[in-house]
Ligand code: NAI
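Presented below, as structure tokens, is a lone chain in the form predicted alone.
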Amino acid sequence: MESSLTKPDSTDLTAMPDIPTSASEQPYDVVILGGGSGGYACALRSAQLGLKVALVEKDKVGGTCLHRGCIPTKALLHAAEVADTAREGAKFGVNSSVESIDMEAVLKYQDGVVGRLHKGLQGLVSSAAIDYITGVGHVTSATTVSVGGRVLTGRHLVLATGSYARTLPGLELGDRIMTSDQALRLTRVPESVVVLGGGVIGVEFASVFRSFGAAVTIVEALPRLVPAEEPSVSTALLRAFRKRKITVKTDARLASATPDDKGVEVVLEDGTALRAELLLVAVGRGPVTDDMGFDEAGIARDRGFVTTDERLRTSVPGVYAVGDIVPGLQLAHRGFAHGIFVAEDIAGLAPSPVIDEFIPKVTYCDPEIASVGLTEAQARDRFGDATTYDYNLGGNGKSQILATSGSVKLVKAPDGRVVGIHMIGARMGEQIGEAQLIVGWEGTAEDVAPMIHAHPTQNEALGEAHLALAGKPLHAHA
């Protein structure tokens, strides 16, 4: 996710000295507003290409992904995995247990990871020919940004202002009702949590809280968890969560949430009342685009998002937008790719556009979800027909060793191309790279089937699935 221009968290222990700013004369070739994944990638690539660059960021370079999103969340998820491994050691013949979860120590580990990455990123930016300006940027025209009384002029502007954690009308955030930003800084494990939202953020935090010992209930307004994923993946996740004793309520909408000294009373529209120590609001992220001069400069928006063409050009010539403020997937690696694309486009290299369909997605709950390309329903809508194959991880040796269950589902278009790959199971995120190449390079099952996949690995599951789809299953049924 991109940079967030919200107030820095005063509890952040990883703050580094500001990167020195340069007094370079204007104009710039590129002025970038926001130093998250898309912004800093655009700045670094632009500098590599010899462009004169200014990068404006209110908080810290790295943005939400590094400081309040991807990295700290995944550090928590790894700590949760360690807790589960210790708790379940006996089934592997290792007598181990979890005495307690020391959240202060967990946060120290988390902050150490973030701090090291932040320091490295600072070094990259400060060593490049980039003017880094700390402050709140405001677009004042198609070619200018004001920052603390200073006016930066550029031949091109790149908007990379990122996203914020959404909430719902009537919910007042505080000690009992919070978003993921506050949940990342908890110094204790709550006894019980209601997670409002069964999307990526919701299921990841539900997984963490459960691994740390909390009683967890997920409330999702839509008919299934992770609704953007293949329905069979949602079903498998629901089954796994129920096995972990995570309560899931779908087709359920919030009516009210009332906090008190001991917790929060959550009432659903059907009258169901839930009592928990905390309510985590995980209803998605919104674009940071209000009150920044976009409208005054004539930059078109739709429900807050900046509208662009496939080359990420806005309605104003010379102004680009990247990352979470562009409609579509809100992923750090999408923003990163956007930033590189825009830098190369400005430099005249004519790069190929970034297509959401070919961007890999990973949800780091337990079990992990990884996917790329079209779902079966999307493929049938587009092509009129589709062929699928589901490979059960029960036939995979490494999955048996890891004691994980799940599947690899392939979606094939009528012309033979594999247009979608959907996986669920332990460590499936590590398999998405090959899956992306297959879908992105329009591979067929016959192309992949002869490829040798090392044994025993979970990567074999991809190979076995393609063997089966090619009509020659070995450890799977046709």
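Just count from 1 along the sequence shown to find any residue number. Predicted model, so just to flag it, every value in this text is computed and none were measured.
The same protein also exists as the form predicted in complex with the ligand; that form is not shown, yet it is the one meant from here on.
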- request: Quick one: from V158, A282, I325, V408, grab the residue that has a heavy atom within 4.5 Å of the ligand in the predicted complex.
  value: A282
- line: Answer key, the ligand contact in the predicted complex at 4.5 Å (heavy atoms) among A386, A347, V98, V362: the residue is V362
message: Residues L168, L196 and V219 are flagged as a possible site; in the predicted complex, is every one of them within 4.5 Å of the ligand by some non-hydrogen atom?
response: yes
field: Partner-facing stretch of 283-291, 304-312, 183-191, 150-158, counted where any non-hydrogen atom is within 4.5 angstroms of the ligand in the predicted complex
entry: 283-291
message: Can you tell me whether K398 touches the ligand? I mean in the predicted complex, with a 4.5 angstroms heavy atom cut-off.
response: no
field: Any non-hydrogen atom of G373 within 4.5 angstroms of the ligand in the predicted complex
entry: no
query: Might T404 be said to contact the ligand in the predicted complex, defining contact as any heavy atom within 4.5 Å?
result: no
- request: Evaluate P317 for contact with the ligand in the predicted complex, applying a 4.5 angstroms cut-off between non-hydrogen atoms, and reply yes or no.
  value: no
message: Where, within 199-215, is there a heavy atom within 4.5 Å of the ligand in the predicted complex? Residue list please.
response: G199, V200, I201, G202, E204
